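Let's start with one chain on its own, the form predicted alone, as structure tokens.
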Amino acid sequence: MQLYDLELSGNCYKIRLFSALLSIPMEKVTVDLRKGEHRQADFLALNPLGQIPVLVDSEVVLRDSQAILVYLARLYGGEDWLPSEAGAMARVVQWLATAANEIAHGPAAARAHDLFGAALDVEQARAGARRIIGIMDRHLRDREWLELGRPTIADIACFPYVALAHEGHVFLTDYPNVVAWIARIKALPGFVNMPGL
């Protein structure tokens, strides 16, 4: 199994973290975005969108970190990480959508602006970050994990860019429940770090 990866990417980190938590062997293939390797024909054959991460598992080629988390959870994580019962699965998947939308356009976008010079409305991104982190903080007021009373891929999908929010000048001082949730994720057996955490 190969992960086309970039160390500073929070989306790639989701996959590295989940594979470490489940002890899934994975070969990392670094994609140098500065050199434009994501726009080369061989990479575009794997992902026509030219984005990372990409997971290659024999004949299965997947793009998008949320899709890859689902694939790995079904293969290796069993019911704990992604339940098959409709209601429980939907509660997990709604957070995958949050990671791909509100978190991507909030804290991830603010970080992309400040760290990599992405051209975007950074104040709008920071406002979106504060909004979604506030929602998460209220949600976590009476629970330890986002759903189901245990860590699931919902937590893994949302964790990186929320934990890295400070790199987009969004600070977690006012969100004690989110800070405690981050600490619980960092305490999981097999946890691996990334730059900035």
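Residue numbers here begin at 1 and follow the sequence given. Values in this document were obtained by computation on a predicted structure and should not be read as measured data.
Quick note: we don't show the form predicted in complex with another copy of the chain, though the next part is all about it.
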Every residue of R39, P48 and A119 near another copy of the chain in the model of the complex, heavy atom within 4.5 Å: yes
Contact of D64 with another copy of the chain in the model of the complex (heavy atom, 4.5 Å): yes
D32 within 4.5 Å of another copy of the chain in the model of the complex, heavy atoms: no
Another copy of the chain contact at A112 in the model of the complex, heavy atom, 4.5 Å: no
Another copy of the chain contact in the model of the complex: W95, any heavy atom under 4.5 Å: yes
Sequence-ordered residues of 117 to 134 touching another copy of the chain in the model of the complex, heavy atom within 4.5 Å: A119, Q124, R131, I132
